[in-house]
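Coming up is one lone chain in structure tokens, specifically the form predicted alone.
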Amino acid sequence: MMQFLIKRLIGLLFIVLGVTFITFMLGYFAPSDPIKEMMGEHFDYQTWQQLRHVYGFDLPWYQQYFNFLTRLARFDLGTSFHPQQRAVWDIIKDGVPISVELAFWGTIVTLLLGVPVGIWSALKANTWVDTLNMSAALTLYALPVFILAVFVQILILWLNNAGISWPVIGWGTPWQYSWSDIQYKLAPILTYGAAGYAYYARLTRTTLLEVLRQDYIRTARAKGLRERVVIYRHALRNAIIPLITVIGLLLGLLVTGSFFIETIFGIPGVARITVNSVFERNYPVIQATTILIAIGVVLGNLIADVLYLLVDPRIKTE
């Protein structure tokens, strides 16, 4: 198991390194000059040269990239353009716990709703229950996250007009769950989990139906085992393996959706900071947030690998 984890960690490390190179080169070859935009109407050639030297832009690209990796190894994410000379970590540190909280509870909602609904639909295959569940899941899966977020906000505004006071934007205090905090967090978390729920419900139904058609399931039933034992001890354990393997993909989809959710709901998380930095062309912040998001997705894939190893011990011999 240790050898397996070491191989995975080395592979994931190269993935993160590749992300750092891509994000750095995109910033390096960007058509605009961030120093000129930072100076605005007060542009002065001598000051422009001094600022380029301060930020290291007068060095060759490979030396700039090496300096970038050196700072990153010291957990130094660089210096921001907006506001000037402010550490990037100071800008994004308040957004990290908010984004982690949103992703954590959104994933919990996805799994707690998607997997049971998929199991229920598989056991009631081709009945009205299955049709209703899969129709709802397919509708949510087809809707883009930003459209769903706008629909949720419209619903909240309609409830407010009906006399129910509910916040439309904001987040509250991170990892605090007073009633006022829950009011801020409930709608974004449910919206965040809806797209993943739809994917997991459909995937769970498909994989469980495939397992239920296997010969060993028919053999277990022929031996007189109770249906509950056949489903939960034999069928579900094998059906859950494909679900674990797509956790990394699910995290990637949820990260993409979080950009829209944090922007639409006015949540001051990492995704919203990234969007604002794109408009400001604040490349150090963009690079830092992209790397953090990549590390999050990579860790999610590592967790999926570990769970896969625990569920399917045959992988130890590979």
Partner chain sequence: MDTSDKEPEVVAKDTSNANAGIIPAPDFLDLQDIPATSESILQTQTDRKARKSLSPFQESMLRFRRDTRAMISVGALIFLVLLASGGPPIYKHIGGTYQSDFGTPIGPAIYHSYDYQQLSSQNQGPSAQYWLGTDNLGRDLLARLMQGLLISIIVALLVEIVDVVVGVLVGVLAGYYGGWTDTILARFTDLIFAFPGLLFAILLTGIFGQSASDYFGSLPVVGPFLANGNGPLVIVSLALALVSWPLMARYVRGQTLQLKQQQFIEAARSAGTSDVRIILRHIIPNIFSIVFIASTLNIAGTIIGESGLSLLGLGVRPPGSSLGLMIADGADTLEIHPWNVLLPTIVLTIIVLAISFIGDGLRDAFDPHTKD
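Residue numbers count along the first chain shown, from 1. These numbers come from a predicted model, not from an experiment.
Just so you know, the form predicted in complex with its partner chain exists too; it's not on screen, but the next bit is about it.
Remark: of stretches 94-102, 179-187, 232-240, 121-129, the one touching its partner chain in the predicted complex is 121-129 (heavy atom within 4.5 Å). Residue-level contacts in the predicted complex: of Leu72, Ala87, Leu112, Leu143, one residue has a heavy atom within 4.5 Å of its partner chain, and it is Leu143. Using a 4.5 Å cutoff between non-hydrogen atoms, Phe260 counts as a contact of its partner chain in the predicted complex. Contact check for Val275: a non-hydrogen atom falls within 4.5 Å of its partner chain in the predicted complex. Proximity of Ile293 to its partner chain in the predicted complex falls within the 4.5 Å heavy atom cutoff. In the predicted complex, its partner chain lies within 4.5 Å of some heavy atom of Ile286. If you check its partner chain in the predicted complex, you find a heavy atom from every one of Leu26, Leu138 and Glu227 within 4.5 Å.
For the partner-free chain shown, Leu209, Arg213 of 207-223 come within 4.5 angstroms of its partner chain in the predicted complex, judged by any non-hydrogen atom.
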